[in-house]
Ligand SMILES: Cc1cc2nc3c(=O)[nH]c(=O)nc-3n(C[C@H](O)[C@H](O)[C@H](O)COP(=O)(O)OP(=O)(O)OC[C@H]3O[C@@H](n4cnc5c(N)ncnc54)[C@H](O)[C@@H]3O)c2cc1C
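Taking the form predicted alone, here's one chain by itself in structure tokens.
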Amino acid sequence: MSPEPTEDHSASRAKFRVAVVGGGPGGMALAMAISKFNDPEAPVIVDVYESQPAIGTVGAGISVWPRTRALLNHLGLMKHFQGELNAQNAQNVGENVGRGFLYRKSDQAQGYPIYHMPMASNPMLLHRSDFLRALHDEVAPPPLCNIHTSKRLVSLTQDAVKRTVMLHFADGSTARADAVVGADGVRSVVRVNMLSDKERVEPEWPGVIAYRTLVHRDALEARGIPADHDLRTLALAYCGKGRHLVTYPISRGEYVNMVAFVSHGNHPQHFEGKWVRDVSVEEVREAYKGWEPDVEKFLQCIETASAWAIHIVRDIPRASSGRVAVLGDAMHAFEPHFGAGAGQAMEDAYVLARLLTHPSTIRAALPQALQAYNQARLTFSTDIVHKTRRCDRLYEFTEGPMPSGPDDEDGIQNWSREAHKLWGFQMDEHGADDFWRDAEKYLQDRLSDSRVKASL
């Protein structure tokens, strides 16, 4: 068994210890939020267990929409993003103020715009590593927060007598915590151990392959795509039958991030083969052959590509059990069509951190606190999984309205209305606090009921 982390005066005053499995955006957001809301007189001690040798992240680009931007402001994180694209002010100035994705019908030689989505502020466009670094920089130092790398969880067991959870790692070591939160992704070991055999939910493949790459600005310049081109200034979605391609600039415009989706109609529920693999650029170009010139020109700029079999976690029956909970992709992995993965993981983390640091959440009340989190977040987050499926079908004209051409005003208006409705939750700048208020009320009601029953 591995030794317990060394305790100093802060740790000796701790009200309990929480183990966070996974050091990605969700896990680090939880560690950061606990650090922010911790009571210095009775702090929650956090141990983050990351399976990789270092804290890092997969993927490249991340788009921050009004809902998540408001939470970043509330948590004091925006100071880390000064100078990033669209970070300067929530109410920007210029021709494209308050515009989300620009959608185009592109699977033809003469493409045409469908919709430029209005919103309160332009999306902030970041590299994922910069986002993770900002979270990491706001995490409290040891012993309040301890990061353990090369710790791959294989199982966990809840001890009802001791009211603790034992974690077992692949290297043979163990650790004990008062509560465990799984932020360990779509293939979550925590989720597998938390749910019963009858409740078990496996990741599903909805038939979607996403080609990903970054294109440097020099490659764009060499192909005659200037700095003021929409490709280099806006979030774009090129839509077509059975596939669509998303691009947006990141890293202060140094790169354009690309995610190109191809849907396979007849597909098994479980993907055969590697979920992530390198592919030739020719494979990507062939998938969009015959599309409008801007798409084909852009694809001539790519030098490398990888193919990702997108997996989802649909309809998990609960997000907590006893002293164990899950968040982020472990709870609600969905397709990335809303750019909401990191944002929703942060909301999970925010609500959970507020509950864990709440004065009423003592060690004995941890199951009630995690149940309050489950009550507040489960229905909403699992609904987004279904919304992203509908979003994919809308973008690829397999479900919902389909414009017949650039002069089909009714078709374009109906398509735009449906897209705006699906995206509505991303415009709600008070979403995270609304969930927190619901969770706090639920927790207080549960604890009040418990005290009444104990007095009888």
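Worth saying up front: this structure is predicted, and the values here are computed from it rather than measured. Residues carry their position along the shown sequence, with the first being 1.
The same protein has a further form, the form predicted together with the named molecule, not shown here; the description that follows concerns it.
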Counting only non-hydrogen atoms, choose the one of 193 to 201, 152 to 160, 70 to 78, 265 to 273 that falls within 4.5 Å of the named molecule in the model of the complex.
-> 152 to 160
So which of 123, 343, 249, 240 reaches within 4.5 angstroms of the named molecule in the model of the complex, heavy atom to heavy atom?
-> 343
Give a yes or no on whether every one of 22, 51 and 339 sits within 4.5 angstroms of the named molecule in the model of the complex by heavy atom.
-> yes
Answer yes if any heavy atom of residue 62 is within 4.5 Å of a heavy atom of the named molecule in the model of the complex; otherwise answer no.
-> yes
State yes or no: in the model of the complex, is some non-hydrogen atom of residue 212 no more than 4.5 angstroms from a non-hydrogen atom of the named molecule?
-> yes
In the model of the complex, does residue 100 have a heavy atom within 4.5 Å of the named molecule?
-> no
Does at least one non-hydrogen atom of residue 87 fall within 4.5 angstroms of the named molecule in the model of the complex?
-> no
Residues of stretch 169 to 183 in contact with the named molecule in the model of the complex (4.5 Å, non-hydrogen atom) = 183
